[in-house]
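Single chain ahead, written as structure tokens, the form predicted alone.
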């Protein structure tokens, strides 16, 4: 006999909506005016929702935008990047906080994706345990458009998930790839017709909730730890940090952000 159906608990915040029903948590990005940019306010609400789901014993979480969204997330909020003098994507950056929250959550997190996924949001989607997309999904890694050096942890995570040559193409061209190619290169686990996306996603979530939560929690953590088992020498770490400083101390870094805010094409000098 199936357990009795549990009533849903809905929390509406300023930038997200969170809901728990039948041990499935749902976080819905709800900030269309900023294209669901991953700014500190939205990430703060997302982390509070994840903490609540953990306390309530959620066995699966779905991360999504509103139904029919044109943009799943525009990625990092450019207005929150520092102008110069420090690493724009350091350990405590809001995007890094969000990614750790998803990867360290004790139950599987499913990304249900409609619309564009840009910049750091691509990494967030990839770091979800099971990304599921509709034909409207597109993916573009865009830091080169604004002169930002992507952080080494994020590069390594993306390299772990998709073919190296594809990752380099995405980093170097900043051009989007469509859902069909995203499925082929391993960004998506499943490509589902838009009209079936919710049903398919929540059917999978319900399947997860019916299995051993402790076994799944331990397997998820084992995968995370083993994926991180790539030590760097101190010399390599310092070399990476030095390379990054060249960019965020440069004229081009400041020019890229200024051009984005002024809605004009940046004038790169390579300095």
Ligand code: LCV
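As the structure is a computational prediction, the values presented were derived from the model and not from experiment. Positions refer to the first chain, counted from 1.
A second form of this protein, the form predicted together with the ligand, is not displayed here; the remarks below concern that form.
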Any chance 33, 74 and 81 all have a heavy atom within 4.5 Å of the ligand in the model of the complex?
-> yes
Could you tell me which one of 179, 98, 132, 148 places a heavy atom within 4.5 Å of the ligand in the model of the complex?
-> 148
So which of 119, 108, 115, 154 gets a non-hydrogen atom within 4.5 Å of the ligand in the model of the complex?
-> 119
TL;DR on 184 to 192, 137 to 145, 124 to 132, 162 to 170: the one with heavy atoms within 4.5 Å of the ligand in the model of the complex is 137 to 145
Contact between residue 63 and the ligand in the model of the complex at 4.5 Å, heavy atoms?
-> no
Scan 251 to 271 and write down, in order along the chain, each residue with a heavy atom lying within 4.5 Å of the ligand in the model of the complex.
-> 260, 263
